[in-house]
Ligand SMILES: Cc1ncc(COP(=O)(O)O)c(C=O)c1O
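Just the one chain here, the form predicted alone, laid out as structure tokens.
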């Protein structure tokens, strides 16, 4: 966020900054989504909904699991939330108590650690050290050190883009179930994998908790609407927590989100641009000394080991921004131990901008003292 604030400051001064820092699509929400929102505004009142979400949206989400994954998800297990961020908060409050040990991967999305810590939950960060993703062996070893109450993993992951292979995902969930560890699968980058079909954790464990969002594939970051599929015994608890914390997700966003599932052709065109950006980075980054630290299987991120160029990724990112006018994200927040030698680059922008950004970084590296 420090890098983003400085990028905005430079933009306000007229500098032509290109951002590869923020993890959000550069495209607007699909036309049908925006049209539905405009109709709802014209119709009049926008108010509260049921805390679990509008029935129409919950049914559409449940139908999506049947259509996209071939999985039967009952609509009563679907909870609509104010983005995946609220969904994580609701899940953690319903599933864990202060002092419980919950495992996450490092590198990983920093909000996991921050929300868990704020709730008094002990965060067990498992260093991947180039492994790409959490495995059953990681979980078993961490549980031997001290009993785990939960494990949270993402596939595709932020910041790495790595996808957990189907067999490994099945093993991970089976191990967690055998050890009595509650599993939470972050699937907000689903439909943004480039080399294999999406596989939901629900395919292997119908009682795990899955969190997803309309922000990434559906290009609806600012609409603040996401969802979770919760185990049936937790739904009522989550509903009561939601009533107290958020009342409900915004009705306008829920009305619009129903239409997102009908916009596949428009959204796949956006994904095609991401794929072109990904190919460009796969080709160009190694020549810049940006070694990929994990496979770029999905999402829209490249997580790079830049230790050949710097030992301080925060200062390196500041210099790239100040001198090359390209915003990139230092790895420190994603991995407190090894992040000082990593950068995350988002390739969710327009292909012309991504190509220009890479050229600028190349020129800067060639000319720096």
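Positions refer to the first chain, counted from 1. Just so you know, these numbers come straight off a predicted model, no measurement behind them.
Another form exists, predicted in complex with this ligand; not displayed. Remarks below refer to it.
J.: Using a 4.5 Å heavy atom cut-off, which stretch among 97-105, 233-241, 252-260, 181-189 contacts this ligand in the predicted bound form?
T.: Residues of 181-189 come within 4.5 Å of the partner.
J.: Would all three of 85, 88 and 215 be in contact with this ligand in the predicted bound form, where contact means some heavy atom lies within 4.5 Å?
T.: Yes: each residue has a heavy atom within 4.5 Å of the partner.
J.: Among the candidate residues 274, 92, 290, 109, which is the single one with a non-hydrogen atom no more than 4.5 Å from this ligand in the predicted bound form?
T.: Looking at the other structure, the residue within range turns out to be 109.
J.: May I ask you to choose, among 143, 133, 77, 224, the residue with a heavy atom within 4.5 Å of this ligand in the predicted bound form?
T.: Of the listed residues, the single hit is 224.
J.: Answer for residue 158 alone: is it within 4.5 Å of this ligand in the predicted bound form, judged on heavy atom distances?
T.: Contact check for residue 158: yes, within 4.5 Å of this ligand in the predicted bound form.
J.: Judged by heavy atom distances of 4.5 Å or less, which residues of 165-184 approach this ligand in the predicted bound form?
T.: Result: empty, none.
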